[in-house]
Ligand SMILES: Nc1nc2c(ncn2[C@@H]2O[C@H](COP(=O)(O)OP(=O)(O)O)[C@@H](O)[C@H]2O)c(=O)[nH]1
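Let's start with one chain on its own, the form predicted on its own, as structure tokens.
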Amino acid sequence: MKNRALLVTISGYSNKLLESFDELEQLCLTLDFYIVDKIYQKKLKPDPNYYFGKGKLEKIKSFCYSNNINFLVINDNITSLQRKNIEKFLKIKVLDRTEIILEIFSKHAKTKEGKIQVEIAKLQYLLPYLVGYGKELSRLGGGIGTRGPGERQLEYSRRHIKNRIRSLKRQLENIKHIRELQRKKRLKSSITKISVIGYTNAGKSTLLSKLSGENLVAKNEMFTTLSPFTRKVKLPSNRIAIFSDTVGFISNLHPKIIEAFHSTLEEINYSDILLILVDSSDNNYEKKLETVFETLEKIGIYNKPYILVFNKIDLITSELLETIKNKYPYAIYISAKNNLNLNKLLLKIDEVIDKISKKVITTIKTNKMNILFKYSEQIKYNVLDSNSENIKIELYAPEKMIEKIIKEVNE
């Protein structure tokens, strides 16, 4: 097989790298690697020149030669010197964790924005490695670990690479400007904005497909969604909410990737409610939930109302489900794939919208009820009392919307 890979890492004082080792395997499988084996070295910290100890590196070289391995994948981010020395010693391609993620981004980048963001991330991350390798080891020359969204060979000087990054950022700014205009229209509408976020492969696209009734891309792969997309969903209260899907989170995400995808992630900032989706069938769901909150902190999002949603409950035992419920009694438990408890989720969303909306009790004339009907997608009201001339209502809506309605009913 062409892409035969050996996965390697070291373990130090903590098991942090080992905990993400299985995740690295899933990332590599998304790229159609054949994983020959996984090995690790007990070592407190990486060797500054070779990452591994010399003895372990000799064993890795022998193993790679005996098993026709052509990729060494390291579950860590390595330095330019470490990469150069390892590749020279082993005579095979070396990829680190961030490069694997960037390759998956390349695979799934379909929109112009997504492709630009991926290329920026690749160039910024790989810039130290691109210069000085020469044609034979160009990091973006050809094949896995070497190709960017533009599929062009990068044998440029550092200056040309930086010029390319600036050009791409200008293109991204133009796309960002268009999105800001679209966002302003949505903000003016007073319709609730909900961002669906979570660890990669938690089922965000599947959930949005079910809620919106559209057949969106939903694969059992990591990072299938790179660019945000929005859909309108009708809630039990008859209000409409706008749901936005976002790029999935992952542990040890390099700052350069977060920087490149900041324009996508900032969409979360403009939401009223966060829907944090968790894969309940994942043994490491608690660690991954921590990563979600850490990533939100990195992009500057604090104190935003959120609903914790455990997905894929059809894949776990009833005993495990009860255990999770005891830990997270206020969460919602669903199976997006099987349409299980989705109505409970929508009712919970309605409940949270009520909490963040302004509540007023007012009386309007019966012949002005058509005004309430006009804004039914943005408000919720309950009739408390009525007679032939007046209706007393309890109204939930954003403050500006309430002011607008009261002004119209009193004209």
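Note that residue numbering begins at 1 and tracks the sequence as displayed. C-alpha atoms forming the largest set that superposes within 1.5 Å between two forms make up the rigid core. Because the structure is a prediction, the values reported are computed rather than measured.
The same protein also has a form predicted together with the ligand, omitted here; what follows describes it.
Comment: the ligand is not present in this chain, but in the predicted bound form one of S244, S251, S205, N341 has a heavy atom within 4.5 Å of it, namely S205. Scanning Q117, S195, N311, N75 against the ligand in the predicted bound form with a 4.5 Å heavy atom cut-off leaves one residue, N311. Judged by heavy atoms within 4.5 Å of the ligand in the predicted bound form, the contact stretch among the candidates 95 to 103, 197 to 205, 167 to 175, 318 to 326 is 197 to 205.
Among residues of the shown chain, N70 is not one whose heavy atoms approach the ligand to within 4.5 Å in the predicted bound form.
Shown alone here, K337 lies within 4.5 Å of the ligand in the predicted bound form, counting heavy atoms only. Using a 4.5 angstroms limit between non-hydrogen atoms, T362 is distant from the ligand in the predicted bound form. The ligand in the predicted bound form comes within 4.5 Å of a heavy atom belonging to Q26. After superposing the rigid core, the C-alpha of I307 moves by less than 2 Å between the shown form and the other one. Once the cores line up, the CA of I250 ends up 2 angstroms or more apart between the shown form and the other one. Comparing the forms between the shown form and the other one on their rigid core, the Cα displacement of I104 reaches 2 Å or more. In the predicted bound form, the Cα atoms of Q26 and K287 sit 3 Å or more farther from each other than they do here.
In the predicted bound form, the CA atoms of V196 and L27 sit closer together than in the displayed form, by at least 3 angstroms.
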